[in-house]
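Shown below, as structure tokens, is a lone chain in the form predicted on its own; questions about how it binds or moves come after it.
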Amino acid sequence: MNAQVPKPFEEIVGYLEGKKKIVLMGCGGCATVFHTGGIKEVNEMAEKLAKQGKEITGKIGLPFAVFACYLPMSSMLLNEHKKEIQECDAILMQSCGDGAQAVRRYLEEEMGIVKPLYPANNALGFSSGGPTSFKEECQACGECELGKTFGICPFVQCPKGLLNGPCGGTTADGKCEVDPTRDCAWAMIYRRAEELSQVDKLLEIVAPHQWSKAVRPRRLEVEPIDLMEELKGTKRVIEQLGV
């Protein structure tokens, strides 16, 4: 998931200076999990902005599992609120930057609407865990090295991002010199190699990382999914949860 935190409210108000009619849009994915753009947070933001003299002309709250960045679903909500979007002075996106830019692009290219669009959140990167504690695990480098490092990513777990072994600052008890409260990423990798009885693999020469695959912006073409068919599986899980 893309971890995120809300921007300071003063920064948001600054973005909206001189703008009266505001449309708010959240996200039913990561922003809902991190309490930065679920339906509840969209309603709370509407109340706060109203106290600042803003006229909230539209609130586009996306149900859980409807991601702002996945346009086959979020675009349905955008089209439902077309009139409010056309008449607003600005759009405040309570999502990550990916969702915000996906919405901006859809509005301009598919709906012919060009409006100022501002972010309400700061994204922190791919993280896993839950329901309350999350930790960054993946850098999305484009060339996963987990098969060589026993399932632990040194690019993320090591503050220096060292792929070929520990630095000289690793402490005797396997801690990191940058943050002594953290285990050295390579000490973690070594311990896991021991547990798997594969320490000898750490002696193998590893080819340089292919950073060319991280050149941005990256693009990917895939076959579209059968959305209705996939949602049948989602429905079954929801029913099993007793909803």
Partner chain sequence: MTMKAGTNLEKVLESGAFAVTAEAGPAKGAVTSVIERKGEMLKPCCDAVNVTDNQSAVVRMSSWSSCVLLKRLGLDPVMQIVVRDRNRLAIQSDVLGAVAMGIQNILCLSGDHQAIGNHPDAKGVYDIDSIQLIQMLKGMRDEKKFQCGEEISGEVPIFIGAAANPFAAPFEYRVLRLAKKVKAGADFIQTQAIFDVAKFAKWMEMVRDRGLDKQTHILAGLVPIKSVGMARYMKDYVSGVYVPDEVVTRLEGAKNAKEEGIKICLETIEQLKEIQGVHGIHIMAVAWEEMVPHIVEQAKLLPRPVV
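Because the structure is predicted, anything quoted here is derived from the model rather than measured. Numbering follows the first chain given and starts at 1.
The following text describes the form predicted in complex with its partner chain, which does not appear among the structures shown.
Against its partner chain in the predicted complex, the set F34, F64 and M76 makes no contact: no member has a heavy atom within 4.5 Å.
With its partner chain left out of view, the stretch that reaches within 4.5 Å of it through heavy atoms in the predicted complex is, among 213-221, 65-73, 49-57, 172-180, 172-180.
Proximity of L196 to its partner chain in the predicted complex falls outside the 4.5 Å heavy atom cutoff.
Although the partner is absent here, S128 is not a contact residue: none of its heavy atoms lies within 4.5 angstroms of its partner chain in the predicted complex. Contact annotation for H209: at least one heavy atom lies within 4.5 Å of its partner chain in the predicted complex. In the predicted complex, its partner chain sits within 4.5 Å of a heavy atom of K160. In the predicted complex, the residues of 187-214 lying within 4.5 Å of its partner chain by at least one heavy atom are, in order, A187, Y190, V199, D200, L202, L203, E204, I205, V206, A207, P208, H209, W211.
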